[in-house]
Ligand SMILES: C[S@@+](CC[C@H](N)C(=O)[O-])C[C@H]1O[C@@H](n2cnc3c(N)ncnc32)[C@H](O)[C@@H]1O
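Next up: a single chain in C-alpha cells, the form predicted on its own.
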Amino acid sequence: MSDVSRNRADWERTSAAYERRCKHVLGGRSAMAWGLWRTPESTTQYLGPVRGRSVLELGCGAARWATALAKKGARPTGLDLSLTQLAHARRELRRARVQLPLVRGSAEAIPFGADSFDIVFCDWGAMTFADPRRTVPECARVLRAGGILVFATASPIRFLTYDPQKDRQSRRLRRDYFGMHRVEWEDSVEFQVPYGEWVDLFVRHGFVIERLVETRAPAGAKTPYLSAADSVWGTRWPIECIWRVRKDRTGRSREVRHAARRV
C-alpha cells in the first residue's frame, strides 16, 4: 500500500473520532487560527490580505478555515485526501450557508493547473502527511508569481526527541537528524526533513523565505493534540513551526533561471 493510500485509509477510519475530539478548538472564533495552540490569524497576519484572493487549503478537513476565509471575501477551495473529512466539510458549509469548491486529492499531485492560486496554506494537515519533496514543487506550480505558501507542521525537533516507548517527548535525542524524511507510525506515515533541506526545497522551487516561526506553548496551555506533559515540554523546545514563503515574482524556479543563463 502506498503512503498516500495508507494515510487516506487512516483518515477514513479516524475522521469521526478526530472531529468529536477537536471540533471545539477548530470552529467559531478559532476557525482562522494556527497550530496546536490556535494562535489567531488576526494576530499573526501570516496570510495577509485575503479579500478577492484565490486560496487553496491543503488538508482542509471540515473546511472551517476555508469557510471563515469565504466570509472574509476570499475565494477559497478546500482539498482533502479523505472522503469522510470532505463529508464533514459539506455539513459545515451547509450550516454556515457558504458555498465553495471541495476537491478530493493529494497535496503530492494537486489537481489544478499552473498559476491557479494567490495563496496556498495548510494548518498541519496535508503538509504533515505528504512528502515535502513532492508537495513543495506542487505548491510552486499552482501558485501565481508573487503568491504565498504558509503552513504549520511539526518541528524537526519533535521527531528527534520523541520517545516511542513512552509515547511522549523527551529531553534526549532519539533519532538521527541527517537522513530524516519518512516517519512511520502504526497506521500512518508522516514526513519531516531537516531545516537545511526545507530551505533547499524552497529555494530550488522558486520560493523566497519570509518567516519561520517556532511556536512556543503558552504556560498552562491545553490542547487536544498534546498531553499535558508534552505541552509543558513545548514551553522549552519547539514542537511546531510555521513557514511563510513567497514564490519568486518572476514565477521561475532556480533550475529554470540557471538554465536560462546557460542558453
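Because the structure is predicted, anything quoted here is derived from the model rather than measured. Each residue number is its position in the shown sequence, starting from 1.
There is also a form predicted together with this ligand; it is not shown, and the following applies to it.
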TL;DR on 142-150, 92-100, 128-136, 167-175: the one with heavy atoms within 4.5 Å of this ligand in the model of the complex is 128-136
Using a 4.5 angstroms cut-off on non-hydrogen atoms, would W243 count as touching this ligand in the model of the complex? no
Using 4.5 Å between non-hydrogen atoms, is Y162 touching this ligand in the model of the complex? no
Under a 4.5 Å heavy atom criterion, is I119 part of the interface with this ligand in the model of the complex? no
Though only this chain appears here, would F112 touch this ligand in the model of the complex if you measure heavy atom gaps against 4.5 Å? no
Residues within 4.5 Å of this ligand in the model of the complex, restricted to 84-108 and counted by heavy atom: Q85, G105, S106, A107
